[in-house]
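A single chain, nothing else alongside it, follows as C-alpha cells in the form predicted alone.
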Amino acid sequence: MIEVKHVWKKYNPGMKNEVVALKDISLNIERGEFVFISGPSGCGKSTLMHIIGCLDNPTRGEVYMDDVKVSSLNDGELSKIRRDKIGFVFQAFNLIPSLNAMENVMLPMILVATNKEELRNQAKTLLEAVGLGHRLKHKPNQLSGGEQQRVTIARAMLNDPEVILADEPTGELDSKTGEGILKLLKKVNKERGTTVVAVSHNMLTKKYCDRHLKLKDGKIVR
C-alpha cells in the first residue's frame, strides 16, 4: 500500500546548520499491516511519519501510496489524499477545547459533508465503538487523557481511512491507559482491515504489531 524509495530529508540543506533527518530510507508497508516504528528521540521517526502522511515532502527520493507517486503531488492533491485515505492520531490529541466530543470527531469533514445529520450519526457510532457513547457531549477538559485519545481515534476513523498514522499515541498516558489505546488500534486494524503505522517509544507496542522497524540516526537499522 505504501512504498518509500531512497528517501532523504534535510532541513536547511547546504547551510552550516544543515540537519539530515532521514538517510536513504526504503520500506514497503502492506495493506492491513500494523507496523511499529521505534527509536530514540531525534532519530527521524516523526519526520518519516510526516512524509508517509503527506504532511511533508522528501528532499530526495519517492513515496507511493496505492501506486500513486504522492511525493510529486501539489498541495491541493496532497490535501485530498490526506482527507480521503489517511487518519491521524497525535500525541497531543489536538482537540478543540470549545467543542464537545462529537463535534471534535465531526470537525474534519464538516465543511465537505452534504448530509450533516448523517455525519452526526457517524460520529456517534464511532464514539460508541471506542467506548465513549456516554461522553458525546463532554468537552476535552471533562475527559481523561485516555478518553481524549479515544476521541482522536474516532476522529481519525471518520473518513473510513485506508491507513491510520499514530505519532506517539500513548506518550501522554499512563501505562494501563496506553495499553488500552494500543488494544483499540489493534481492534481497528483487525476488524476494519485498516493499515496502522505507529511511531512510539513505548515498546509495549511490539505486542500488538505485525512488524517492528527500528530507526537510528535517520536510518532503518532493524
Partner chain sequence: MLKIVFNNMMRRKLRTALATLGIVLGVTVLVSIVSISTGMTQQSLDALGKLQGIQVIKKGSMDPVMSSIPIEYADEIKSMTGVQAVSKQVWVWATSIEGPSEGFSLSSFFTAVLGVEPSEMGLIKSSYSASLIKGRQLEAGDRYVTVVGKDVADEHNKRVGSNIEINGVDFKIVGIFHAGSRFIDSQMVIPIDIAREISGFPNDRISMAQVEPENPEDAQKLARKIELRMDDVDAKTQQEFSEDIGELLGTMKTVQWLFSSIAAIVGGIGVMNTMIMSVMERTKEFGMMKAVGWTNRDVMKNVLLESIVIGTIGGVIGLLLGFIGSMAINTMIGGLAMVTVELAMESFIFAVALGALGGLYPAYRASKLNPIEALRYEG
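Positions refer to the first chain, counted from 1. Bear in mind the structure is a predicted one, so any value in this text is a computation, not a measurement.
One more form of this protein, predicted together with the partner chain, exists but is not displayed; see below.
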- Has each of Asn115, His138 and Gln142 got a heavy atom lying within 4.5 angstroms of the partner chain in the model of the complex? no
- Verify the contact flag for Pro97: yes if a non-hydrogen atom of it lies within 4.5 Å of a non-hydrogen atom of the partner chain in the model of the complex, no if not. yes
- Query: Should Arg83 be classed as touching the partner chain in the model of the complex when contacts are defined as heavy atoms within 4.5 Å?
  - Reply: yes
- Message: How about Leu27 - does it come within 4.5 Å of the partner chain in the model of the complex, if we only consider non-hydrogen atoms?
- Response: no
- Message: Using a 4.5 angstroms cut-off on non-hydrogen atoms, would Glu103 count as touching the partner chain in the model of the complex?
- Response: yes
- With the partner omitted here, the residue among Glu33, Asp56, Glu62, Glu162 that in the model of the complex has a heavy atom within 4.5 Å of the partner chain is Asp56
- Those residues of 188-204 with a non-hydrogen atom no more than 4.5 Å from the partner chain in the model of the complex are none
